[in-house]
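Take a look at this single chain in structure tokens; it is the form predicted on its own.
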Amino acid sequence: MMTFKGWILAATALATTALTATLPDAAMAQDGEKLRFVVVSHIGSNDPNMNWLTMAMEEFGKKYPDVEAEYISTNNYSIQEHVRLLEQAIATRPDGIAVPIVSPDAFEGPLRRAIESGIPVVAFNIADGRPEGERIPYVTYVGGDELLTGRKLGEYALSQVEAGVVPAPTRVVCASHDSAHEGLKKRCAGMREVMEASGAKFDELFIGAEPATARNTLQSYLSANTDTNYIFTVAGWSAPWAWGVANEMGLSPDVDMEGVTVLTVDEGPVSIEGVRQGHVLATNSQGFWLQGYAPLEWLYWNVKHGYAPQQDILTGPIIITRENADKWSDLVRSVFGEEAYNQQNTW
């Protein structure tokens, strides 16, 4: 019998072909025997956060054995590829879909058609940020608030300025690897709100996801903007790149009262170890485990009983600092395993 993880990998590999076929599970669901939910994610197996989601789905499967839950993603991410996977999933007529709204404009057409055809949708990880009444009419959103993520991390940094831990910000750069990602743009926007209110200048910088290009872009920016003393990376895995560039330039990027201060996001090993080793001031958790479990449970209750929450369900942010990083390290090691945790710590 194929294991759950095996099924995930198989679903990913077969996404381009098998999903276009009509599966028998839909008919089974109509008979009340089995439901089939599909999670169409932008988080592939090369992203450690996928572990949180798939572990949560395993727990969901134990509680609801009458549901078959599939996880579909790609390691070669693009919005176009995500939309293609989404459309293929919709074509199989699942009983429910959970999907992050990475791009409201790109996802609106397929998701509205799915909802109008009777397939309930729960957004997770990234919401449709448009006003109520304009956004895609999904059942609910389960996830963090990315604007709040940037804002809370910025507020924590300013509290550490007052405590004499790090210097006051003069210029802050938000380094993003995906200029079209709504969630990343909101993280930058939240940080900008707080930092500009403190009197600091603020820039957004597209660095891309390729390490050498990202490093060169950051180096050029820091060379041209010598008053920059805060770098906010909106992905945990790019924090070592930013720290490395600043260190090579002699900008003293560790957490102290000199030079550059680095902030990042997520509760992955690289983010947590960055905090524990004194390279990163703070990171955050957005409650990834809940984002894997709660969307499926709300789909279940919606399909079975017509339930729908009256408001979005926020699972974060929780700020991770030197004070609580050891506890987070223990938790994440228990999820990822010791070997995987160490492999994903790229400091």
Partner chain sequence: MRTPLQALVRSQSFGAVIGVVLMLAVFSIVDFSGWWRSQTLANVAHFSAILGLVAMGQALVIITKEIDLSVGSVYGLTGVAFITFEPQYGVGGAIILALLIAALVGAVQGLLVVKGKLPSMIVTLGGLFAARGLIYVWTGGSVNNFSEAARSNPLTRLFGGEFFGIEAAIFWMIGLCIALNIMLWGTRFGNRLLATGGAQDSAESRGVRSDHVKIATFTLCALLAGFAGIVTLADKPQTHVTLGDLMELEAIAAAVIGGCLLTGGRGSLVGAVLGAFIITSFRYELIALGAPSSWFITFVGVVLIVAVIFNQSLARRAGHSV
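Note that the coordinates shown come from a computational prediction; the quantities given were computed from them, not determined experimentally. Positions refer to the first chain, counted from 1.
Keep in mind that the form predicted in complex with its partner chain is not shown, yet the notes after this line are about it.
- Taking a 4.5 Å heavy atom cutoff to its partner chain in the predicted bound form, the contact residue among Gly129, Pro110, Pro120, Pro240 is Pro240.
- Interface residue among Asp105, Glu116, Glu134, Glu248, judged by heavy atoms within 4.5 Å of its partner chain in the predicted bound form: Glu248.
- Taken together, the three residues Ser159, Val166 and Gln286 all stay farther than 4.5 Å from its partner chain in the predicted bound form, as judged by their closest heavy atom.
- Using a 4.5 Å cutoff between non-hydrogen atoms, Arg276 does not count as a contact of its partner chain in the predicted bound form.
- Proximity of Met257 to its partner chain in the predicted bound form: non-hydrogen atoms within 4.5 Å are absent; the residue sits far from the partner.
- Interface membership of Thr217, defined by any non-hydrogen atom within 4.5 Å of its partner chain in the predicted bound form, is confirmed.
- Although the partner is absent here, Ser223 is a contact residue: one of its heavy atoms lies within 4.5 angstroms of its partner chain in the predicted bound form.
- Annotated contact segment (heavy atom within 4.5 Å of its partner chain in the predicted bound form): 39 to 47, selected among 39 to 47, 52 to 60, 65 to 73, 300 to 308.
- Applying a 4.5 Å heavy atom cutoff to its partner chain in the predicted bound form picks out Leu205, Phe206, Ala209 from 195 to 209, in order along the sequence.
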